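Only one chain comes next, encoded as C-alpha cells, the form predicted on its own.
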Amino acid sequence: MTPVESGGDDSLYAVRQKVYVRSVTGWFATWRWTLVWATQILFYGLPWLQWNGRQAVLLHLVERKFYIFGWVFWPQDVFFLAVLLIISAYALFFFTAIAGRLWCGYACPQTVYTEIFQWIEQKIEGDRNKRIKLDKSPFGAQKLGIKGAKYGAWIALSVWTGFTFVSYFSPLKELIHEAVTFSFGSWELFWILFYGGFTYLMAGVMREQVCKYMCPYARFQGVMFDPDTLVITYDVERGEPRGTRKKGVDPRVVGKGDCVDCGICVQVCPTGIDIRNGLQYECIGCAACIDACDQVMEKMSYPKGLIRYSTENAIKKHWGRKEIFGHVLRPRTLIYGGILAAICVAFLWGLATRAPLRVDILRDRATLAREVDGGWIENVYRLQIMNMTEAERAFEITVSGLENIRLEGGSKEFRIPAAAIESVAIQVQIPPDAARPGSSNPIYLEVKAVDDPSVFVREKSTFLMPN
C-alpha cells in the first residue's frame, strides 16, 4: 500500500515497519511472564473447574443465569455488573496515577497474547537476527515449512482460545460433545471463529499497531499522569552524550554519558519506540528496556538504572526512593483510592447480604375481584418466586393486612428446584364486610422458607373490592 501524500514529502500516515522484538530476561520480564502464566491458567482452567455438580463459572446465556462458584445471578442482578465495571474503571485510574500503564504492560490481553505468540515465533523461527534473515530470504520449501509451522501453531492456539471463551457462555461438556460430533450451533461456531480470529489478528499480525492506533487508553492516559507518577524514564543527564566505548572505560574520561548507544532498549521494545526520546504514548510500560539496559550497564561495570521507573519530579530534583515513594500518597491517589475502597466495600456488602429469595406479584387482569361461595370476595394473584440458592427448597405463602383475610384452601406450601423460578397462582379471600365496596386495600403477602424462617420476603399488594 502506498502512503497517501499531503502536498510535499509528508505522509498522512507512516508505512508500518515490522518490529522484530529481541528476547530479554530480567526482573521485570520474570514478573511479566508470571502474570502471563497466572492469567492464562485462570482463563483456560476455570471452565474445567466443577462446583456443586456444574461448571464453577458459567454465564449461561440460554438459561439466563450466571453461575459464579456459589452464587447464581439473574438478569435482575445487572446492578452488580454495573458496580463491577465502575470498580474496574476506578482501579485503572488509581493504578495509572501511581505507576502509569501497569495494566497494559503486564495484564492486558493484548500484551499477554502478544508475549505468547512471540514466544512461539522465537521457538520456531529463532532469535531476532534469524527472523530478520528468514524474512529477507527467498521463498522456498524451508521457509514455507518454518512459516507454516508458526502459523499453524498460532491458528491452533487461537481456535483453542476462542473455544475456551465460548465455554464461559455455553457449558463446556456440551461444547466438547459438539466438537467431537461436529454439531456446533451457529452462534457457538461464529463466536469461536470470531474470537479466535481476532486473537490471531491482534496478537499475531497487528501487534504493536493495536497499542499505537486502536487502543483508546493510549490516547487519554496522559490526563491521568502527573509529575509524581512513576513511569519508565531514561536519565538524560546521566546518559548523554551517548556513544560507543570499550568495556570498563570511565565515560567521563572520554567525555560521554553512560549510554553506549547499543540500541538494545529499542530492539526489546514490543512497540518499537526509543525510550531515550522521552515518554511516548506508544510506551505500554512493560519495562523490557529496563531489563535490557541493566544488563548492558552490568557488562560495562556501570551502575544500573540508566533506564528505570521514576517520576518527572524525581529526575529533575534528583530524588531517591524515599522521596519518590513519599509522593505516592497525594490528593489524586487518595481520592481515587478512597472512592475505590468505598465502592469495593459496598460491592462486597451487597454480595454478602444478597437475598436468597425474590418475589414478584402480578395481579390477574382477567379477574380483578369476584364473589365466591358464602359471599366472600376473592382476588387472584400470580407470584413469580425465584429460589436463588443451589438447593431445592420448600416455601410457604401467608397473607395479612385485612381482618379475617385468608388464602383459598389455607396456607400454601410448595417446592421450588435449585436456582429456578416458579409461577404460583393464589386466591386471596375476605368477608364482604371486611372492607368498603369499591375500595382498594393494602395487603401483605409473605413467602417464607420452611426450613429457615429467616429466609422470607414480605411484599405489599392491593385487594380490590367490587362496587
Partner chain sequence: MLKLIQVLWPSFLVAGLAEILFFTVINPQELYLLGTPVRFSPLATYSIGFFGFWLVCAASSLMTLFFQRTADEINHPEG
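These numbers come from a predicted model, not from an experiment. Positions refer to the first chain, counted from 1.
What comes next is about the form predicted together with its partner chain, which is not displayed.
Residue among 119, 349, 190, 325 with a heavy atom within 4.5 Å of its partner chain in the predicted bound form:
Filtering the options by heavy-atom distance leaves 190.
Since exactly one of 158, 170, 96, 271 fits, which has a heavy atom within 4.5 Å of its partner chain in the predicted bound form?
Filtering the options by heavy-atom distance leaves 170.
Which single stretch, out of 131 to 139, 356 to 364, 339 to 347, 200 to 208, brings residue heavy atoms within 4.5 Å of its partner chain in the predicted bound form?
So the stretch in question is 200 to 208.
62, 75 and 194: each with a heavy atom within 4.5 Å of its partner chain in the predicted bound form?
Yes, because 62, 75 and 194 each have a heavy atom that approaches its partner chain to within 4.5 Å in the predicted bound form.
Taking its partner chain as it sits in the predicted bound form, is residue 81 in contact with it (heavy atom to heavy atom, 4.5 Å or less)?
Residue 81: contacts its partner chain in the predicted bound form.
Any non-hydrogen atom of residue 394 within 4.5 angstroms of its partner chain in the predicted bound form:
Answer no; every heavy atom of residue 394 is more than 4.5 Å from its partner chain in the predicted bound form.
Quick one: does residue 176 come within 4.5 Å of its partner chain in the predicted bound form, counting heavy atoms only?
Flag for residue 176 set to no.
Decide whether residue 214 counts as a contact residue for its partner chain in the predicted bound form under a heavy atom distance cut-off of 4.5 Å.
Result yes; residue 214 sits at the interface with its partner chain in the predicted bound form.
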